[in-house]
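Presented as structure tokens, the chain that follows is alone, the form predicted alone.
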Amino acid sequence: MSGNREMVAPLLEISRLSVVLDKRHQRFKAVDDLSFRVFPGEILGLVGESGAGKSMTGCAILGLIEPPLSISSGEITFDGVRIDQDASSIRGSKISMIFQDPLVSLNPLRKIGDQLVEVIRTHINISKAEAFGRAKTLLAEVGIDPGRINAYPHTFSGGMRQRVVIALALAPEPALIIADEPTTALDVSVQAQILDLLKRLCRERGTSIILITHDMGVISETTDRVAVLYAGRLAEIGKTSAVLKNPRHPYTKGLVAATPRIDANSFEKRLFQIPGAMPDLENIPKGCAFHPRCDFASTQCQKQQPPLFEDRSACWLSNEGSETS
């Protein structure tokens, strides 16, 4: 996204969002006091290990949280209007989602054309013939021969099925797409094609994308900004280039260091590994949740949960200023 974002109203704004899991007589936080913005036409990455709260955040935006999970606090505002926990009025029409496994999103017993036409007519008041023509245009746009509109999902490769799912997400012409690990099940070459497709569609249509991934390489190649999540909290956020070149939070530094590189020196070095594992919801440590895995943790880190500071990270050791607004 070009231009000064300070002059542009955010398309999506999440303010102090918390998602909780009620279990017997206890309550655990899956997403904890999370705040960030998504601007028109930008690609924001949500990155972190499994259990960081990335997919949970995407589901919360779309109102897909069900008991024993619930949104306990916070606000989600889309295009200036607050979204309540029933997001059915915007789900699909204004915000679409691309899931990790395309077979979960596609009905194996129905032709892809019929599925596209159904989605289009659900959200746009046009005739079946017009919807069929729009479906063929969408297939061409995502790189599939429109002549295959009457084919069934099992006749497509994994990469082509994912292209069909992208076409389904684009069908109602949403302003925001949440892409949840859209390339994890694909080989490297197909993964690059899908990411290039998402970037091109974002640029041409002005569509915003939240890209959920655990892959820092995907973040580097695809996103404008990145939000690093750990144990349901925001560890660091900023422009992708700045975060990757100068990570401030120790967890971000670990993710960057653990990303494989192809250069002369990389083959001589052992790939870095962050010690330990992401804590489960029932055992999130007090203070900074990352401190048991951090080589630089202090007594303060063990006792006090850090806010997000002006240096864009939530770390007592790296901050150089006061808390951000």
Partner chain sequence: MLIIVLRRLLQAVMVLLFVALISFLIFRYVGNPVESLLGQEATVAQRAALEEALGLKDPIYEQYADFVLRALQFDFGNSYRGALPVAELIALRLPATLELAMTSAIFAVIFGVITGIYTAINRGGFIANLILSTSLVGVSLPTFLIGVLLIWVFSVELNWLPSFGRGEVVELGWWTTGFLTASGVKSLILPSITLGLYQMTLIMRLTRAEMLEVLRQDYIRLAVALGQSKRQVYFFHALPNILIPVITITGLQLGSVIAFAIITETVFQWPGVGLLFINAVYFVDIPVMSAYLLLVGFAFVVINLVVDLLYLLIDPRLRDGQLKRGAD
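Only a predicted model underlies this, so the values are computations on that prediction, with no experimental measurement involved. Numbering follows the first chain given and starts at 1.
Just so it is clear, the following notes concern the form predicted together with its partner chain, a form of the same protein that is not shown.
Student: Given that the partner is absent here, state which listed stretch (216-224, 186-194, 115-123, 232-240) has heavy atoms within 4.5 Å of its partner chain in the model of the complex.
Tutor: Comparing against its partner chain in the model of the complex, the contact stretch is 115-123.
Student: I'd like to know if V104 sits close to its partner chain in the model of the complex, meaning any non-hydrogen atom pair within 4.5 angstroms.
Tutor: Looking in the model of the complex, residue contacts with its partner chain include V104, since a heavy atom lies within 4.5 Å.
Student: Can you tell me if G254 lies within 4.5 angstroms of its partner chain in the model of the complex, counting non-hydrogen atoms only?
Tutor: No, no contact at 4.5 Å.
Student: Under a 4.5 Å heavy atom criterion, is M97 part of the interface with its partner chain in the model of the complex?
Tutor: Yes.
Student: Wondering, does T155 line up within 4.5 Å of its partner chain in the model of the complex on heavy atoms?
Tutor: T155 belongs to the contact set for its partner chain.
Student: Taking 4.5 Å between heavy atoms as the contact cutoff, choose which of A179, L138, V228, V165 touches its partner chain in the model of the complex.
Tutor: Spelling it out, the residue with a heavy atom inside the cut-off is V165.
Student: Using a 4.5 Å cut-off on heavy atoms, what residues in 169-191 are near its partner chain in the model of the complex?
Tutor: Stretch hits: a single one, A169.
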